[in-house]
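Presented as structure tokens, the chain that follows is alone, the form predicted alone.
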Amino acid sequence: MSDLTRNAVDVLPEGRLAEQLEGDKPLRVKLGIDPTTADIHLGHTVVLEKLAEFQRAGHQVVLIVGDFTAQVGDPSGRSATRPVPTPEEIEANAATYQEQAFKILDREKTEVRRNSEWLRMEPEALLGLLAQTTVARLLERDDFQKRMAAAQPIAALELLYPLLQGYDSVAVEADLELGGTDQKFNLLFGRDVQGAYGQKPQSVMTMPILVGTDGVQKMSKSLGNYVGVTDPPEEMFGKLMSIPDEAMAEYYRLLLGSEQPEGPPNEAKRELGRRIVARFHGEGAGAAAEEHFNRVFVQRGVPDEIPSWDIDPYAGSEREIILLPKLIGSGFELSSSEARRLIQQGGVKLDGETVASDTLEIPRGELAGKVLQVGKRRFLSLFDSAA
């Protein structure tokens, strides 16, 4: 029991999970992920690793791909209504999510379900679900309270989300549901929905939210402070080397399940980078990524910690071309004319190589994971959020 609750923030109701684990049948342990973006990042892996621990302990893992709830939009942690992806985007993301989740979960032992199986319900069934709660109960959630206080809109569709997620637990007969701390309201609400349908309410376990590479806000692709599990090894290592020293202990605890080693923070950060890269890219990949980092950063005088910068907003109409003066101007707070002048004077480098003086456009595939340098002391680590 103690190992299975390691790093958990909440295990509710108190004592219930311990009773369940003393039983003689495996638990059905549920995790739902809405495919609203294309990739899983290290923040997602915190709860996925916990799910894998239950799987290794012999319990039945149920991974729900929220292809239906993604169309509604989870309001958790949101100060505004979430943009709704298209059906085509949801379908593509759903396939990607599953493959990436299986980097952590055992594919053969994982029950994968899409909640469109049961949420495309008849009107009578939907009305029956809506009858299980009140608007006042739904508005108790902290996200809605903050938005009402700030006179920000709340879409009626968003009020449905906890009911739909709760019905997922009914459909798969969940004994335990996992999620981040921002999911606490939804997880507990699932207990209410199960009880209304005559099931024993599930236990709830929340896991910490991993801080992003900026060391301030939670890891998020939209904020550009993420490390994707499919990032190229060199890019993954470089991003991990950019995290603040103060975030190191949390990364070790939540991602590696260990304490930060004693010694210089830079060496601990390198060890973290090697181990994380090796986990997702195979043995030897971590050492190779570190060697690349040394060639680009150390031997060419690039500092270990430099800000990350997304190249996607600077794509031209063809989308496969990045407008270099626009990227430089925005990234380094320069005018476009100043950026062009720097290029013409040989003052711009990519991974230590001087950019040709007549270069105004660069294929986007040649930029992601590289270091853009202007002058002697100004650097940006480039990534592509659309990759």
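Throughout, rigid core stands for the largest set of C-alpha atoms superposing within 1.5 Å between the two forms. Computed from a predicted structure; not experimentally measured. From 1 onward, residues are counted along the sequence shown.
Another form, the form predicted in complex with the RNA, is not on view; read the next lines as being about it.
Tell me whether F297, S337 and G346, taken together, all sit within 4.5 Å of the RNA in the model of the complex, counting heavy atoms only. Yes.
Indicate whether E173 is a 4.5 Å heavy atom neighbour of the RNA in the model of the complex. Looking in the model of the complex, residue contacts with the RNA do not include E173, since no heavy atom lies within 4.5 Å.
Can D245 be called a contact residue for the RNA in the model of the complex at 4.5 Å between heavy atoms? Output for D245 is yes: heavy atoms within 4.5 Å of the RNA.
With a cut-off of 4.5 Å between heavy atoms, is L342 one of the residues that contacts the RNA in the model of the complex? Within the cut-off, so yes.
Counting only non-hydrogen atoms and a 4.5 angstroms cut-off, does N266 reach the RNA in the model of the complex? Yes.
Single option in L178, M241, I90, I276 placed near the RNA in the model of the complex, where near means a heavy atom within 4.5 Å: Selected residue: M241.
In the model of the complex, which of the listed residues (G375, G23, G365, G15) lies with a heavy atom within 4.5 Å of the RNA? Of the listed residues, the single hit is G375.
Since the chain is shown here on its own, which stretch among 102 to 110, 233 to 241, 163 to 171, 197 to 205 would lie within 4.5 Å of the RNA in the model of the complex, judged by heavy atoms? The contacting stretch is 233 to 241.
So, superposing on the core, is the move of E338 at the CA at least 2 angstroms between the shown form and the other one? Where the cores coincide, E338 still shows a C-alpha shift between the shown form and the other one that is 2 Å or more.
Is V46 displaced by at least 2 Å at its C-alpha between the shown form and the other one when the rigid core is overlaid? For V46, whose C-alpha is compared between the shown form and the other one after core superposition, the shift is less than 2 Å.
P26: after superposing the rigid core, is there a C-alpha shift of 2 Å or more between the shown form and the other one? After core superposition, the C-alpha of P26 moves less than 2 Å between the shown form and the other one.
Closer or farther in the model of the complex: C-alpha pair H292, R377 (3 angstroms or more): Those two alpha carbons end up closer in the model of the complex.
Direction of the Cα shift between G375 and K269 in the model of the complex, where the change is 3 Å or more: Pair moves closer in the model of the complex.
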